[in-house]
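Shown next as structure tokens: one chain only, the form predicted alone.
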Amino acid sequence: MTDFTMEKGADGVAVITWDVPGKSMNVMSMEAWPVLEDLVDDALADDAVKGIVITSGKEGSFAGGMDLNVIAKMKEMAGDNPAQGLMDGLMNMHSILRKIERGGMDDKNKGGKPIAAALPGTALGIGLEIPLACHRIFAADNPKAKIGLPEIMVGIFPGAGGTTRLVRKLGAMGASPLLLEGKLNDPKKAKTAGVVDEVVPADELIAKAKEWVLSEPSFVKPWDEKGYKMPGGAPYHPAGFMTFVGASAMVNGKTQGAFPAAKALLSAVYEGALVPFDTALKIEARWFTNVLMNPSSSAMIRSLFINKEALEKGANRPDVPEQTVKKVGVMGAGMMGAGIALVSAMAGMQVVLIDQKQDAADKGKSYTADYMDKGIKRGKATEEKKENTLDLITATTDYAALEGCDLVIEAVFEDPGVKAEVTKKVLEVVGDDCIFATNTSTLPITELAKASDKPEQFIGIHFFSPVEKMMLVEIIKGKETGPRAVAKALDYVRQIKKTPIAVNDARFFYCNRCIIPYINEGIRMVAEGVAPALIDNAARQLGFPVGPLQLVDETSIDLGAKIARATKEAMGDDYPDAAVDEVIFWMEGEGRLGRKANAGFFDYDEKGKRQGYWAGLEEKYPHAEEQPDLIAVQHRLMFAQVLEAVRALEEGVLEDIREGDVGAILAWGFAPWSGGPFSWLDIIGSPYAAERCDQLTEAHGARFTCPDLLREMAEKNQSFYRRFGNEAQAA
């Protein structure tokens, strides 16, 4: 069976069905293109065929897009001249889709056959670009379906005509949320936006598409008609000019120029709008080739799609039977515990939410009610869904309610004594097979496990706040943690639809181990007289969502001070961050505790909105007359993090570089365009990285000392993904 098949009906309609064998959703492969073209040629040449309907054999979906594993390897497949190979491959796709779009018409738009797309459900990426080349798009009324072009989210943009067609169909302004933000819509919203033409009952989808095809419709696309004008105005039109000026400002404001795909997309749209349609397709292909030739796109695809998907499917899961969680206990109904209860109940688990006082437990449960109410207002949830979710949560003070739990997650105060007491009380109630997990961001799991008589069933599960929004969960294995506990944690994270990384126990685990040096380097620079705005903006221009000073305000300065004191006590004379503490402890003493106190590195108004950097900061630490250049600041911030990632790998805390890259992007927004710390080191090359370490060490101290592993790799000119990754993953 091939990916595409065709059935010619007695009614004169040829139905081409896309149904990739062995896949739950259709994805486009390079081999499938000529099959589709041959079927279209056959139907167009057959006098008995009056028109064509292209649909899917998958229930509830049309297609999930292009196989990104193929895109990741396109450069390698392109031979000695990869850019030319990519361009040729793209233009071949364009010619096939243009053949569909023209439907066999001659140069005068005469003759030809109408072609409709019939979408049973989700249509993403190439799964929408093919329908956009058809003459009319019918979508089944399937509220769960998602229709859109999400390519920008993984470092590319729609490169098979989707960019050019959508802009010509909707205008630059109308197309921008779908292209620049990767916005996905359900079928009805897609029709309102003008993306699809008709939404029909699912059981009438093919019939309605056939009915239109047989109605002898006019099907010449507007951009193939004489006198076509782009909705909203082309770039040289006054209205269009303002649109493009605004779009450019928006893109640069949101991306700070760090994401190549957004800039290339805008260039393709602007330049394409100035020329005839077929020339615009060539421009789109040229810019898409430009993006694919940029190592950023390969790194983003690898980390945000291939590696992320592999981790979510259990790439590093121990070989033990399925450990699906049915009933979970959550100890502590504060913000973190309430969030854990919410995501667990939304995944269909029974939840027992326990706190010391009933009103605290009830408040924790109300967090779910409030969340569902917001979803109802946005049309994302229903009253029935809310009630069903709340019915799954039992809020109580009674430990006996934990009976039957197969997983208990402790999320109480960050104090070893308190956690130990809760652990012992829980283990008196639950069954022998129950896995106990502690949610902590800093406390060593191996030490906390001493409170359990079954340390092999004790594990760390580090959630990030807010739980319902943050997509990463860091699983920490203590020295005695067994494989079933690891599998249980991984299976639980899969159930709540988040991405897991599993690391070994060490101070700050993996994520905080890398985040803290990022924050500390920013604070060090303040003490040195570097302008705070330069520090934070340097980070934002690297693609970080917030700079280190803004981040410490968001997480609270007193928390930073608490972590610093605990770390100093544990490390003694080896403690390296006294210069950072000087600033943090001073800020703490001044009552500048961050956003929560409406006073930190920033001033805030009464509503908590940032008003600019606190003037007292410069009074205490005057700006140096000569400020460092942007790259120097950026390298300090980047190397402070990536060297910790390398050390974590070197020490065995991190076992898989895929987890290091995916975890960094999802946990604290590490320069997504780079693909993560290890991908960034591969982009700049290990020899240069080692050389830069030496320069930074000489200028700023031993924290930038090149790790032995990186030094060895530099001498051999090795990359991390060639040495530690699967050869097939390497870009």
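Each residue number is its position in the shown sequence, starting from 1. What you are looking at is a predicted structure, and each value in this text was computed from that prediction instead of being measured.
We do not show the form predicted together with a small molecule, though everything after this point is about it.
- With the partner omitted from this view, the residue of G616, G334, G104, P416 that lies near the small molecule in the predicted complex is G334 [heavy atom within 4.5 Å].
- A single residue from the set D656, D536, E474, D355 has any heavy atom within 4.5 angstroms of the small molecule in the predicted complex; that residue is D355.
- The stretch in contact with the small molecule in the predicted complex, judged by heavy atoms within 4.5 Å, is 455 to 463, chosen from 341 to 349, 204 to 212, 455 to 463, 108 to 116.
- Using a 4.5 angstroms limit between non-hydrogen atoms, A140 is distant from the small molecule in the predicted complex.
- When the small molecule is considered in the predicted complex, A395 lies well away from it, no heavy atom lying within 4.5 Å.
- The small molecule is not drawn, but in the predicted complex it has no heavy atom within 4.5 Å of T289.
- Looking at V328, you'd find every heavy atom of it more than 4.5 angstroms from the small molecule in the predicted complex.
- Every residue in the set Y399, V422 and S441 has a non-hydrogen atom no more than 4.5 Å from the small molecule in the predicted complex.
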